[in-house]
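A single chain comes next, written as structure tokens; it is the form predicted on its own.
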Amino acid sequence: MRAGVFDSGVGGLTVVKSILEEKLFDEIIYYGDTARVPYGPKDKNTIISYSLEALEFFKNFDIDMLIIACNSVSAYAIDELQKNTTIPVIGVIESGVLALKSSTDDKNSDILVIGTSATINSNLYDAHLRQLGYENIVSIPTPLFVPMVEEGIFDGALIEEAMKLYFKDVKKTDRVILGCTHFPLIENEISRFLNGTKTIHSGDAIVQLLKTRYDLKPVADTKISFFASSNPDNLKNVAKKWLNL
């Protein structure tokens, strides 16, 4: 089976890493829209337009499934993508919510959701979590993390100052949903700053969904190809480092 994985930049590699570890596909085609990252500050119609362009790109590869490794796209463009293709289109928001449910059934847990401005403003995480009975939810846009990760900054003073800015009013949290696929690259720093709070990230979450919903079995080996709308060499370099290729 051949899967396409789409993200606004390099963040979706965190999803690819989880998929590779489980050996769920014979081939993965990764496309990062690095020329127009980040998607978070962009309006809904622009995100939908960019996503449909990415769908046209993937039509060149006869993929069996499209995995949206971008929370902003998952928040605004899933329905339009599904209308324009016959293959399954799987987003990361649904999988993240299901992963939290698996992580804790304590409805009084203090849940922190962080993501791009587009993802947080969509209120989708909040709505889905409240439907499941979770009430203590705080959602914070943390847009500066995305360009830092795109620049290869995974720790240090800049990350520390950004966390001080964003988390200054966070008193207590039991789970942190990393509502952007860039964030697992700084997951350890976020967890440390928040006193070791358990994190939920899209890569592990979407693997759980894929295995249960589509009954995918491990394959012997996975071929992977990387494409980007700008500076593909940088994407490939990050992939080599993050995926140990």
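We number the residues from 1 along the sequence you see. The term rigid core refers to the maximal set of C-alpha atoms that superpose within 1.5 Å between the two forms. Please read all numbers here as calculations on a predicted model, not as lab measurements.
Below, we turn to the form predicted in complex with another copy of the chain, even though it does not appear here.
Visitor: Quick check: do 65, 91 and 205 each get a heavy atom within 4.5 Å of another copy of the chain in the predicted bound form?
Guide: No, none of the three is in contact.
Visitor: Indicate whether another copy of the chain has at least one heavy atom within 4.5 Å of a heavy atom of residue 35 in the predicted bound form.
Guide: Answer yes; at least one heavy atom of residue 35 falls within 4.5 Å of another copy of the chain in the predicted bound form.
Visitor: Does at least one non-hydrogen atom of residue 127 fall within 4.5 angstroms of another copy of the chain in the predicted bound form?
Guide: Result no; residue 127 lies far from another copy of the chain in the predicted bound form.
Visitor: Would residue 153 show up as a contact with another copy of the chain in the predicted bound form if we use heavy atoms at 4.5 Å?
Guide: Yes, contact at 4.5 Å.
Visitor: Tell me, yes or no, whether residue 161 is in contact with another copy of the chain in the predicted bound form, where a contact means a heavy atom of each within 4.5 Å.
Guide: Residue 161: yes, in contact with another copy of the chain in the predicted bound form.
Visitor: Pick from 170, 144, 78, 87: which has a non-hydrogen atom within 4.5 Å of another copy of the chain in the predicted bound form?
Guide: When another copy of the chain is considered in the predicted bound form, the option within 4.5 Å is 144.
Visitor: So which of 132-140, 69-77, 101-109, 162-170 is the stretch with heavy atoms within 4.5 Å of another copy of the chain in the predicted bound form?
Guide: Heavy-atom contact with the partner occurs in 162-170.
Visitor: With both forms fit on the core, is the shift of the CA atom of residue 142 between the shown form and the other one 2 Å or larger?
Guide: The answer is yes, as the C-alpha of residue 142 shifts between the shown form and the other one by 2 Å or more after core alignment.
Visitor: Establish whether a shift of 2 Å or more occurs at the C-alpha of residue 83 between the shown form and the other one, with the two forms superposed on the rigid core.
Guide: False for residue 83: its C-alpha shift is below 2 Å.
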